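A lone chain, given as structure tokens: the form predicted on its own.
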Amino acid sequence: MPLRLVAPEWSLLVPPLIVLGTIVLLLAIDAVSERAARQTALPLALVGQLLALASLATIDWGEGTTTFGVSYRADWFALVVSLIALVAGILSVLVSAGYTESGLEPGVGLAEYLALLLFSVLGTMVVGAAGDFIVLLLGLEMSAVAVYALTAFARRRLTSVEGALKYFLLGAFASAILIYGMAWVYGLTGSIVLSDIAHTLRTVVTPGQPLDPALLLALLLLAVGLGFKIAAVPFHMWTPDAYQGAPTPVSAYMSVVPKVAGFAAVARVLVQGLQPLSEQWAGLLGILALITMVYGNVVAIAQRDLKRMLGYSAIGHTGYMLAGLAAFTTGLAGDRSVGSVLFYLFAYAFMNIGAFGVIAWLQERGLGTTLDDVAGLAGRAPLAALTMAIFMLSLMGMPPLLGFYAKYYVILALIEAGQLWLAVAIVVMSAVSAFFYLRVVTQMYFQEPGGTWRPVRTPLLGLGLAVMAVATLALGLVSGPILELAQRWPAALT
């Protein structure tokens, strides 16, 4: 029988193709004229991502259509992941505006910087739409390699290069372990397609019976590889050094978009591909979630560098999101697990990029990144202090801010799944986190200012901070449409 080739449905690829076209255009303009690139790169990166965001509305995601065989899936899950990645990418470009224009880092190439950032966004969108191991791995590495380079972008600073080197080396080991786990799954099921893997496992796995040792090994290898991508303890070693060493706008981006890619991969692999093993991996994720949230929040207490503190804080938030995935029970329409994590990632993009954005705003004015540098900020810049306070309180989970609703939906999913111990752990660790988040607020409002102040104008950065502050205040109160969209995931992953 002759091989029949089917033309791909290019219409399903419009959003990632727009991002790819923006990357090519950025590099082409830079190759022709560096001056033109510096004048047009930021608007072009913003417009390209806004067009990609608008183009999401042109696709009928509810049909769950696939192309390139079943390798690329246009379903509800892919829509939400693409939405979060593009929103985070737009906010990161706004936060990067002052850094790329001020000349703080000699030798910074604006077009290359933005092209790498968009390349990582593109990789994250590919992970969200992956239908098999090959596409998922390609998307993960597209996102990760770009961030490795961005971490070392301040190449004249030793801490930046050191953080990037640690990130790259540990990332290479983790990718090798992840591929090894995928190879084991392929050997056991005969397929790399996630839906086919789930179908095969349903025929060989008996609920309540011990798991085959080879299958257990494959599950553990996948957990280790994916655990690194989301910075779960004990696979977190790269996080504080990379966050502290990278340029602050890169730290802002790194704290969100690679995490979105990692959790998208975890959901695709475990919830879709290894769903018949949910009894085993849900318990494993629950243990990892507890260890991760406790470690991240406790160690953050000892940090005086704000970027390093937010790095450990990010580990704690990874624990909260892992707890949401540990709430997975049936995969039926009533299951809130994956939906709660998607909403958490959406909320996290605004409040965490915003927190790093305020640090970048301070650096533009000649200050550093320690607690002493924010002392007395309320007297110098009341709006900047108020903005930072909003982000700190939201990350802590203070109602009615967006971060409160993110934690609330995860806790609700855990209670409905009978995981009361994890729900209590989130409440306790949120109380612990209040120490280091409120310490930033007290420094701004109740301490005398120190250091020199260099007044400069950063309109795009200011616009980005204003958007994120308003979103953090308002989106929690009108979170219904986003949550409803996130809760449509069972049609995609089950």
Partner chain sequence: MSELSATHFLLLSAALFIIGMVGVLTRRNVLVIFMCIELMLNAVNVSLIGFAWELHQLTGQVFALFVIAIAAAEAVVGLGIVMALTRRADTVDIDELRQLRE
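Predicted, not measured: the structure shown is a model, and the values here were computed from it. Residue numbers count along the first chain shown, from 1.
Below: the form predicted in complex with the partner chain, not depicted.
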Using 4.5 Å between non-hydrogen atoms, is residue 259 touching the partner chain in the model of the complex?
no
Distance check, residue 350 to the partner chain in the model of the complex, heavy atom within 4.5 Å
no
Taking any heavy atom pair closer than or equal to 4.5 Å as contact, tell me whether residue 133 reaches the partner chain in the model of the complex.
yes
Though only this chain appears here, would residue 175 touch the partner chain in the model of the complex if you measure heavy atom gaps against 4.5 Å?
yes
Of 76, 344, 312, 356, the one that lies within 4.5 Å of the partner chain in the model of the complex (heavy atoms)
312
Which residue among 83, 161, 384, 198 has a heavy atom within 4.5 angstroms of the partner chain in the model of the complex?
161
Name the stretch: of 89-97, 259-267, 321-329, 183-191, exactly one has residues whose heavy atoms fall within 4.5 Å of the partner chain in the model of the complex.
183-191
Across 115-145, the residues having a non-hydrogen atom within 4.5 Å of the partner chain in the model of the complex turn out to be 133, 134, 137, 138, 141, 145
